[in-house]
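Next up is one chain by itself, shown in structure tokens, the form predicted alone.
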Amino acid sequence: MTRAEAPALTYAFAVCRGGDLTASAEPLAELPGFGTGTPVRTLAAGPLTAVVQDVPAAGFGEEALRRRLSDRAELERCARAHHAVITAVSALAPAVPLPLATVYLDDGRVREALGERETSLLTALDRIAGRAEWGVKVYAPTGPPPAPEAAPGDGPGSGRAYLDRVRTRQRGREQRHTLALRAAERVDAVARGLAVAARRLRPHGVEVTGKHRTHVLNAAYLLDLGRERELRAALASLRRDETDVQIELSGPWVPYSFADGGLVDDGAAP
């Protein structure tokens, strides 16, 4: 169907420098994107290029998106489709990833939005060029706390002894947590020393980590390409020294945490 037969919007995935994707139109067109039957394409906007796809207004208007993204399965499907395009683009050229559900009325509104934020987007592209994001997480094992046991001879009048044992266990947990936080700070300091930028993220709760460990560091680091061996070696050394915590490394990732170009959807379709 044509736009006249079925009104369409422009969905924006990412922004690159103009010319960086000149020879990549064909690989991009082969991406399914949201499976709308229209190709993923590039859209020139001055010194910038947006990677976009035409999407039906019936499925991507504000109300339709709100309903879709409130459904967990649909949210995951959309997030995967969005991320897949950004990952493919980032493999071809430095790219500022845009937030999920960045939708505009038409190509002209995309160009306007990029023009308004041209300086910040170009700065972001300079910052992430030749670099990748790595994630470091530090966990403090907790384990299920044992219940205070009654000492021989404890009776009805021994409540104070019981409370003393409870307090002792509580102090022990607090001390272990303090030591884990200090270990996490040492891990962060080492990783920051290798990175060109770092960002602390919100630690995960028990619903993600499970009951037997506490998330004490969730951080992202922007590294020059080729320095990952140094990071891996540094964390391997820390694992030998910081035996009271668990240290996890993930990546390389598209630099979502460091590619904020100030492009928000205040010009998006109503």
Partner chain sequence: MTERDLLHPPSVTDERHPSDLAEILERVLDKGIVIAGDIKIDLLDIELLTIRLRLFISSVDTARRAGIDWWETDPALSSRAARDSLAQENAELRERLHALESRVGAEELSPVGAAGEEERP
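Being a predicted model, the structure only gives us computed values, none of them experimental. Residue numbers count along the first chain shown, from 1.
The same protein has a further form, the form predicted together with its partner chain, not shown here; the description that follows concerns it.
Student: Between the options Ala29, Leu225, Ala58, Ala236, which residue brings a heavy atom to within 4.5 Å of its partner chain in the model of the complex?
Tutor: The residue in contact is Ala236.
Student: Do Pro99 and its partner chain share at least one heavy atom pair within 4.5 Å in the model of the complex?
Tutor: Judged by the heavy-atom cut-off of 4.5 Å, Pro99 is in contact with its partner chain in the model of the complex.
Student: Taking any heavy atom pair closer than or equal to 4.5 Å as contact, tell me whether Ile128 reaches its partner chain in the model of the complex.
Tutor: No, Ile128 stays farther than 4.5 Å from its partner chain in the model of the complex.
Student: At the 4.5 Å heavy atom threshold, is Leu105 in contact with its partner chain in the model of the complex?
Tutor: Leu105: yes, in contact with its partner chain in the model of the complex.
Student: Would Ala79 count as a contact of its partner chain in the model of the complex, using a 4.5 angstroms cut-off between non-hydrogen atoms?
Tutor: Yes, Ala79 is a contact residue.
Student: So which residues in 219-238, when you check its partner chain in the model of the complex, have a heavy atom no farther than 4.5 Å from it?
Tutor: Ala220, Arg232, Ala236 sit within 4.5 Å of the partner.
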